[in-house]
Structures are given as structure tokens and as C-alpha cells.
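The form predicted on its own is given below as one chain in C-alpha cells.
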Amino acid sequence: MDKPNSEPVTLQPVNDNGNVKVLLIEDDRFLRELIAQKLEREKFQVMQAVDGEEGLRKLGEQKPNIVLLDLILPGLSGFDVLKKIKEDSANASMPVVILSNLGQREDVERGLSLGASDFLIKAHFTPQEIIVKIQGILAGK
């Protein structure tokens, strides 16, 4: 009779988000804090920026795994930020998810053609659904 395995079994967490850095570029304070709190509860590391210039600066300093990007921002628009991210060879492959109130077909097509991984209309997604989208993109799904 085989001897039972006495080695302890360690279960890996299903969602190991602790090493995932998310850069959230959103000028609406309430929405930014709501999404950031939800991400942090799911153990993501969250960096926040209130405009495009700050977002690009943090992107260069902290190298996030994924960017959540609003389009209507003071100063540089989200489209401009996305274009700059994708033009920089160091960041070109970084996934960027647009999170915007803009939902016209031409806005969605423009965002995707500039290299966004996905385009989410704020009113159509809960913070939990946004997290599921992020996890899917990072897992290559």
C-alpha cells in the first residue's frame, strides 16, 4: 500500500493580481477613486493620473502592465495619449483599455485603430466587469 503524501498542499490564489500594475488615467475624481478602490480590493497595484500629461509621466516612471484611459481629459485628449503610448517602442505592446462616455461608432473605431485593446463605455460596465475585462486582456483572452 502506498504511503500517503505528507507534503502540504498550497493552493495558489485564482486571481493573483498583486503583481499587476494598473495606470488609471481619469479626470473625474469620484469615478477614478471608485475604480481605484475596486482594483485595490482585488489586489491590483493602482497608479492614478488626472490628465494625459501626468499619465504619460507615470507611464514612463512606473511601467504599468495595463492602462485604463479616459478620452475626455484636460490638456491632452485620451486619443492623443493613446497615440503617444503606441508610438513609443518601449510601450507599444502595452494593453490600453479606453474607458469613456464617448460611445459613437467613430470614437470606438478611432480608439481601436489607434491600438486600444478594448473600448468600454462607462455607463455600460460596472467596476467588477472592468476588472474581469482587465484580467481577460492580461491573460490573453
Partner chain sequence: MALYLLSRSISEPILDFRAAFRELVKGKRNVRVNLGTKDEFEDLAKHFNEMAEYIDKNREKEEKINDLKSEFISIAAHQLRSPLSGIKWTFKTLLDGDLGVMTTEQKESLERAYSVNERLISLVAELLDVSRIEEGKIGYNFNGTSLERAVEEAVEEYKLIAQNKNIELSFFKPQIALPNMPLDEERLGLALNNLLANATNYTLSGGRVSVSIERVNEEAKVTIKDTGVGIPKGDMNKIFSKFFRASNVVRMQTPGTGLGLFIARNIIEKHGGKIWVESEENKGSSFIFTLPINNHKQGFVVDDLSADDLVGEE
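Positions refer to the first chain, counted from 1. Remember, it's a predicted structure, so these values are computed and weren't measured experimentally.
One more form of this protein should be noted, the form predicted in complex with its partner chain, which is absent from this view; the next part is about it.
- Item | Site test, 35, 104 and 127 vs its partner chain in the predicted complex, non-hydrogen atom cutoff 4.5 Å | All three within 4.5 Å in the predicted complex.
- Tell me which of 48-56, 88-96, 27-35, 110-118 has residues with heavy atoms within 4.5 angstroms of its partner chain in the predicted complex? Comparing against its partner chain in the predicted complex, the contact stretch is 27-35.
- Though only this chain appears here, would residue 133 touch its partner chain in the predicted complex if you measure heavy atom gaps against 4.5 Å? Output for residue 133 is no: heavy atoms all beyond 4.5 Å of its partner chain.
- Partner contact for residue 122 in the predicted complex: its partner chain, 4.5 angstroms, heavy atom: Residue-level check for residue 122: yes, a contact with its partner chain.
- Would residue 41 show up as a contact with its partner chain in the predicted complex if we use heavy atoms at 4.5 Å? Close contact exists here: in the predicted complex, residue 41 approaches its partner chain to within 4.5 Å, heavy atoms only.
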